[in-house]
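This document starts with one chain, in the form predicted on its own, laid out as structure tokens.
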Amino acid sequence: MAEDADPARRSIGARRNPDSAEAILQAAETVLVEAGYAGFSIEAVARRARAGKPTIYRWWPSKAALLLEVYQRQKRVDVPDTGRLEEDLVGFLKNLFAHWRETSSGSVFRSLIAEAQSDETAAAALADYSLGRRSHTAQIIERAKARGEIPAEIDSAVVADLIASFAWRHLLTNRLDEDEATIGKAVNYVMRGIAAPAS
């Protein structure tokens, strides 16, 4: 079997061919919808995309890496910018919980976290993804620093980890219907620890 079954979309080595990559990602999304996480495989994606497995593994070194990119393509979570850190964090968590709850992304990400506990390649892919998300969430904290809302010495990455821990716990225990009051209480406890002292 040729490395790329579709001659119209030739591989161009380690650099992704945009047409082939898009076909593979669309195929991965379709397989995930039809077969679920348990039935998802590189073989099934290759058949659907009319692509060779070597091409897929060249661009995505593991099933987890491919699934994480699919997850990122589907993720649509608005990050509020209200001018108040507490409101921004509550709004972000509400939007994230709703996205996980109302789309298939919640179950996909939960399964990826579970697989990462026993699969080194999945763990590595998840760790890389988490670093990027940590930096993204930390930007919310940095905005508050720039406004003088919290002290400059606050470690934004640690605060981002606290917010992520709250979110992941609710994802893994399937408690994504948490009410706004409870989310607000958790964020308020974080705020008490990092807020600038009253002048």
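Just so we're clear, the structure is a prediction, and the values are computed from it rather than from any experiment. Just count from 1 along the sequence shown to find any residue number.
Keep in mind that the form predicted together with another copy of the chain is not shown, yet the notes after this line are about it.
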property: Of Arg84, Arg101, Arg110, Lys94, the one that lies within 4.5 Å of another copy of the chain in the predicted bound form (heavy atoms); result: Arg110
property: Contact residue in the predicted bound form, chosen from Ser165, Thr30, Gln139, Ser41 - any heavy atom within 4.5 Å of another copy of the chain; result: Ser165
property: Three-residue site Trp59, Ala125 and Leu176 fully in contact with another copy of the chain in the predicted bound form at 4.5 Å by heavy atom; result: no
property: 4.5 Å heavy atom contact, Ala146 and another copy of the chain in the predicted bound form; result: no
property: Non-hydrogen atom contact Lys185 with another copy of the chain in the predicted bound form at 4.5 angstroms; result: yes
property: Gln117, heavy atom within 4.5 angstroms of another copy of the chain in the predicted bound form; result: yes
property: Any non-hydrogen atom of Glu69 within 4.5 angstroms of another copy of the chain in the predicted bound form; result: no
property: Contact stretch among 22-30, 60-68, 47-55, 146-154 - heavy atom within 4.5 Å of another copy of the chain in the predicted bound form; result: 146-154
property: Cα-Cα trend for Asp177 and Leu32, given that in the predicted bound form the distance shifts by 3 Å or more; result: closer
property: In the predicted bound form, shift in Cα separation for His136 relative to Arg58, 3 Å or more; result: farther
